[in-house]
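First comes one chain, alone, set out as structure tokens in the form predicted on its own.
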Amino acid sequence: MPEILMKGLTKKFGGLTAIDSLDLHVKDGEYLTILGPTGAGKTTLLRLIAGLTAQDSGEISVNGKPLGSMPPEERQVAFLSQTYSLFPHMDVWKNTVFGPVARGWEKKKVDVIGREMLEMVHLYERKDAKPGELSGGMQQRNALARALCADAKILLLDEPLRALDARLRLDLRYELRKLVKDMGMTAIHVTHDQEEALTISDRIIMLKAGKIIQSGTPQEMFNRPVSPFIHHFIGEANFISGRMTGYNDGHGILTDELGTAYRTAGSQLEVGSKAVAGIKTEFTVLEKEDKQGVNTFSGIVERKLFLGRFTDFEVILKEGAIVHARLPSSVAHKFGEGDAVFVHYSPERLIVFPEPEKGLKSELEMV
């Protein structure tokens, strides 16, 4: 299984730096997911590995061998791009097995892997159809099957499930990961879907402005984000700005500009330093009565939005702040628009960060 190493990788397009002195080690057989906002450099990074774009500086090596100017066809890389790139004159079957046929595989082996891949993406019954006869989601599934048939050791996936319906997207998450593991491949998977990244990955890296700002397991990225941006990107969060005014029983005390004190999780920040505390919307508790005491604030439900398994609430606190809470829909019936409620933040869930250099609003921007 291939190990990929990138050192000082840089790519510029005019005055824009798409990849900025990036260092990344992808382990043998790892399923790595890249998360990040639009324009972060995710697709550019895949194209550099595939050899479809040349880096300006830095090095990419596979199993210790520098790729240098090696052409794409010699890299043993299968790249599934957002544009699918299917051959319009070929049917689904011929598009799928194009790689094995071009490499001269025996017919029996081609038939086995072709059928296996098309059945996995639920397209075997459409094997005689041309790309122009397929929906966008079907075309994407055909492109995915072709990428998996390519006899590659490295699989690069650029938003591979984005055009699929919700049910199929869920099914293919698990099938795709299992197949990659069974085939002994190393995969790098780009997505905007945080839930997809959390469920499919061995490890996630967060890319912003061409730089890696955090790398970790799904659990680490969700529970121990290193910045407000990551805390908000991987699951929406509420934030409070203020100063650290003390510590007590392992908890921090953050006081906002109105003088309201919040008990937070532990922190290494010095007393007096500016800070931001954040809590996930799904950990933000709504109550009809003030049962919690500490970190509990009164407000009015301004908006209620049903999302299926969950329901989002927008609450305006007495002090004027707007807070969002995400509750399981099974209990959401307890609260309606216009209801008086109490919002509670568990101190252990209120994570503290140093105040961002350019301010919280700039930090949370998705560019």
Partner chain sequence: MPEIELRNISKRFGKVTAAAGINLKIKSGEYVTVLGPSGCGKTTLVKILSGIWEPTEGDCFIDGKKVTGIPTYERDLGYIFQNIALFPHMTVWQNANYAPIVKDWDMEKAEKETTESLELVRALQRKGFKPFELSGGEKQKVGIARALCAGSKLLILDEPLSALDARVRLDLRYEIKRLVKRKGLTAIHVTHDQEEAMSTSDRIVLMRAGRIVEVDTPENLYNRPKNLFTANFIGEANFIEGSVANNVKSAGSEPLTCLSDESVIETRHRHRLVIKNPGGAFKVGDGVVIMVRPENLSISHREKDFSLEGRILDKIFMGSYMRYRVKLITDDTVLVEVPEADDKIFNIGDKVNVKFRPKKLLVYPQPSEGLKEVLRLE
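Here the structure is a predicted model, which means the values were calculated and not measured. Superpose the two forms; the largest set of C-alphas matching within 1.5 Å is the rigid core. Numbering follows the first chain given and starts at 1.
We do not show the form predicted in complex with its partner chain, though everything after this point is about it.
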Quick one: find which of 113-121, 240-248, 197-205, 261-269 has residues within 4.5 Å of its partner chain in the predicted complex by heavy atom distance. 197-205
Tell me, yes or no, whether residue 216 is in contact with its partner chain in the predicted complex, where a contact means a heavy atom of each within 4.5 Å. no
Would residue 167 count as a contact of its partner chain in the predicted complex, using a 4.5 angstroms cut-off between non-hydrogen atoms? yes
Consider residue 222 of the chain shown here, and say whether it contacts its partner chain in the predicted complex, taking contact as heavy atoms within 4.5 Å. yes
Answer with yes or no whether residue 344 is in contact with its partner chain in the predicted complex, where contact means some heavy atom within 4.5 Å. no
Work out which of 256, 91, 287, 171 lies within 4.5 Å of its partner chain in the predicted complex, going by heavy atoms. 171
Using a 4.5 Å cut-off on heavy atoms, what residues in 34-57 are near its partner chain in the predicted complex? 37, 38
Core superposition between this form and the one not shown, C-alpha change of residue 172 at least 2 Å: yes
With both forms fit on the core, is the shift of the CA atom of residue 231 between this form and the one not shown 2 Å or larger? no
